[in-house]
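One chain comes next, on its own, written out as structure tokens in the form predicted on its own.
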Amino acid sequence: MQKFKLALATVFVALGATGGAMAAECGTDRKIDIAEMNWPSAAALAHIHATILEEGYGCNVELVAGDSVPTSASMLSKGRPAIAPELWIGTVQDQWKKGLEEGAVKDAGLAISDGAVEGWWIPAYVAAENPGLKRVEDLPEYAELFADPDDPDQGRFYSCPPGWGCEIANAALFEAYDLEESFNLFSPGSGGNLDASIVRAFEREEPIVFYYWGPTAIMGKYDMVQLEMPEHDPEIWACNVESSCEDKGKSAFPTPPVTVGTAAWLAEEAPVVFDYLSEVALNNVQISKMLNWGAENKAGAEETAEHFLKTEEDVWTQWVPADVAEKVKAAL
């Protein structure tokens, strides 16, 4: 009898090692809340993971509103939300590193396999017509070109919406470059408003200078040129992302990995979920393709995620065992 049990156990282990015919269950009855960040790629990823975890693994999933700074702070202090599917840790790097060291949070893996980019940009047609505008230091000479409609004597720089981690960094750079005398630091109010302002300028071939990041549908659709900044300096940047620090400096944005961040308890209670999240990295082309479809079809995050799951089976089915994939496809 003992030999039979050992043989049976060996069969189950072998099945598990190859994906098997039986999917691992979620592993926890606790609600797994996923941060739906307020930018398109992260929001779509939140819905993709929610569908796979709920339909494929039987998890109890809830989407909650999120943003880089408040989401990471909540994960570090409260263990909630459980998952941040696209966490840009550049603006919270010290806190996040401390949380990793203390065991409060974990990085499941990369969200963007080939990295991301942040910076200040102008349209390529503006760069072509103004060859002297190459660096951020050059902006004061071109303030008139980017005249603020509400204050024509000043230029307008389109910054981050309130609450985004880049809002603090942009304000610091604005100060470090002494741009207050020639430009207004303009808050678009939301990510959607920022996108709309950029699209409107490009479609009309009007001048605009703005903060942006990639991968995004807009960056994939329009030809833009990044303004040069000095090489990234971690010490300067640590001050630039700390609102109380007074010694702001000139430094390019960092290019840290964009990770799938999780609360530590998820790996302990639901290792199968954590293992799944370690497989879900997409590259810039894949994400831009997903976002372009969403933009062209005026689709929200949920619809964009559903389209991705229906049309990119070759991609996401590699993340999960075959029977999990079948459950998800049946649910769709």
Partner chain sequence: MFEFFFSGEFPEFINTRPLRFWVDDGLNWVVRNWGGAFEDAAYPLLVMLNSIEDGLLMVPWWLIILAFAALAYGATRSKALPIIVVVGLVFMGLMELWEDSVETMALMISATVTAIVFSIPLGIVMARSEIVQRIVTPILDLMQTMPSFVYLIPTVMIFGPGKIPALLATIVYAAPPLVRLTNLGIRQVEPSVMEAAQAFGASPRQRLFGVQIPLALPTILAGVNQTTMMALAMVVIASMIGAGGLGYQVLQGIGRLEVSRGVFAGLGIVVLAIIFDRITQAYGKQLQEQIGLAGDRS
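The shown structure was predicted, so the numbers you read here are calculated from the model rather than taken from an experiment. Residue numbers count along the first chain shown, from 1.
The following text describes the form predicted in complex with the partner chain, which does not appear among the structures shown.
- Under a 4.5 angstroms non-hydrogen atom cutoff, the partner chain in the model of the complex has residue 70 among its neighbouring residues.
- Heavy atoms of residue 130 never reach within 4.5 Å of the partner chain in the model of the complex, leaving it off the interface.
- Using a 4.5 angstroms threshold between heavy atoms, residue 182 stays clear of the partner chain in the model of the complex.
- At a distance threshold of 4.5 angstroms between non-hydrogen atoms, residue 158 is in contact with the partner chain in the model of the complex.
- With the partner chain omitted here, the record of contacts in the model of the complex names 182-190 of 182-190, 210-218, 118-126, 258-266, defined by a heavy atom within 4.5 Å.
- Of the residues 226, 154, 93, 197, just one reaches the partner chain in the model of the complex with a heavy atom at 4.5 Å or closer; this is 197.
- Contact with the partner chain in the model of the complex, judged by any heavy atom within 4.5 Å, is made by just one of 230, 234, 140, 162: 162.
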